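Given as structure tokens, the chain that follows is alone and in the form predicted on its own.
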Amino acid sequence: MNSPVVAPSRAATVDDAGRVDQAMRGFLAEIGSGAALAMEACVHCGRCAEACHFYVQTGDPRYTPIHKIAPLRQAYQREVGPFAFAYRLFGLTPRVTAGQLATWQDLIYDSCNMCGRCSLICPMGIDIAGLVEQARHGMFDAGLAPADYLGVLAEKEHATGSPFGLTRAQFRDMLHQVGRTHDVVMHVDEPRADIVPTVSSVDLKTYPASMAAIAKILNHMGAAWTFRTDGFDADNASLTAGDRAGQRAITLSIVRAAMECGAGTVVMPECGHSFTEMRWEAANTFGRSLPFRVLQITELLAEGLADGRIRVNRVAQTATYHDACQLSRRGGATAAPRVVLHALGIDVREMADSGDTGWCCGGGGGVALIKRAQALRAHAFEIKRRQVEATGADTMYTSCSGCRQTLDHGGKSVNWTTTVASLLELVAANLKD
């Protein structure tokens, strides 16, 4: 049986037996009362399978969502469940092997976007996506985050605070260069500010215009705002890799940076996982309620349009909107982008599945960063392609740069003529003077 693929920095230090032990200890550390209840609650109805695009597009039973938490269930049944003694005594649940970890690595990372569609549809209310996130913690502890781009980014982020290894000085220079290129005033490391916007590593690498867009909008609003170089990168690759320590460090750097300048609002960028981390998990990481609001950028735009701080020209256009899973289904920011689109006068053509039930782009949860998952990701993309084309819209807007990148790449692979664009950038381009 094949050994699991391990991250290079860990491969030489732990053998297969040690890696299995580390993974099992990581799994057991995640099994609290909520996870235990989920293990017992599953009735194996199979409804989650029809909610997963990887299963729907391939028909492969391995991709049934509940099957992906097998490592957690096996650890639970054998070690801490109410019948653990019997499971061990009669060999009903065998010990985990290195070969099983190799299989689970593919399922937990390559074929799960943690999009939460399975969690939404589960009749027993099991948050399967949340359990997959917990399972990734155990896999990371054993050095089993995929050894290619995802694992590398997480380790670099843990070491430097940025998945690309950017220093504070480099980020500051980048912001000022973006300001010069787009002719917009950038506020950086101001001692006092009401609003602190964060950025996504995808934007840093691929869509720098988005940073100019948010600066332009905040200046238009007359807000007291600033980027902070001591807590700027919200992408949190550590979260998707399963690195709890790295995830905590990135989250706390943003919290402390906002507190340092007395901000009342932290704005999360066009990035899904960064939003759910700060909106739902950061207070637990911080240890108490956050001393500021956390808004996704579309929520800030909707607020500004409602109270008149943002004024826009109307756009004669027909478009559809892609709901990023972590922003809509997992984050609750479903209505805000539609408020923005309608304020712009856009004729919105909704897909057959949209809002909370929308299908994932296929790249979320770090899957877009795993090279070996490319073919599987292309299968998943087909659902979104069909639904977008059925709308007849020429443009699809989204508020997640990771989705934007995944959909753009997927569209190019099938000679798609639909333009994928940023809602944030659309607003910035149509501000009234």
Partner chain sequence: MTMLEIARGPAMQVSILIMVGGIGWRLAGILLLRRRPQRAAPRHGFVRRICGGLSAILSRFIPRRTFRRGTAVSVVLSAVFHLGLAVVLFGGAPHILLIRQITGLTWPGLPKGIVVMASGLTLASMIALLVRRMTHPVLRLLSTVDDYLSWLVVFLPVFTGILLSGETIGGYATLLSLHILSVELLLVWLPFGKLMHGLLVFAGRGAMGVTFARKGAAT
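Residue numbers count along the first chain shown, from 1. Quantities reported herein were computed from a predicted structural model and do not represent experimental measurements.
Below, we refer to the form predicted together with the partner chain, which is not included among the displayed structures.
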Heavy atom distance at most 4.5 Å to the partner chain in the predicted bound form, all of Phe164, Asp183 and Trp416
no
Based on heavy atom distances of at most 4.5 Å to the partner chain in the predicted bound form, which listed stretch, 183-191, 261-269, 75-83, 213-221, is the contact stretch?
75-83
How about Gly308 - does it come within 4.5 Å of the partner chain in the predicted bound form, if we only consider non-hydrogen atoms?
no
Partner contact for Tyr397 in the predicted bound form: the partner chain, 4.5 angstroms, heavy atom:
no
Could you confirm whether Arg117 comes within 4.5 Å of the partner chain in the predicted bound form, counting heavy atoms only?
yes
In the predicted bound form, does Asp127 have a heavy atom within 4.5 Å of the partner chain?
yes
Considering non-hydrogen atoms and a 4.5 Å limit, which listed residue (Thr64, Gln405, Thr58, Thr391) is close to the partner chain in the predicted bound form?
Thr64
Using a 4.5 Å cut on heavy atoms, which of Ala333, Ala234, Leu153, Val202 is close to the partner chain in the predicted bound form?
Ala333
With the partner left out here, which residues of 279-315 have a non-hydrogen atom within 4.5 Å of the partner chain in the predicted bound form?
Arg279, Trp280, Glu281, Ala283, Asn284, Gly287, Arg288, Ser289, Glu299
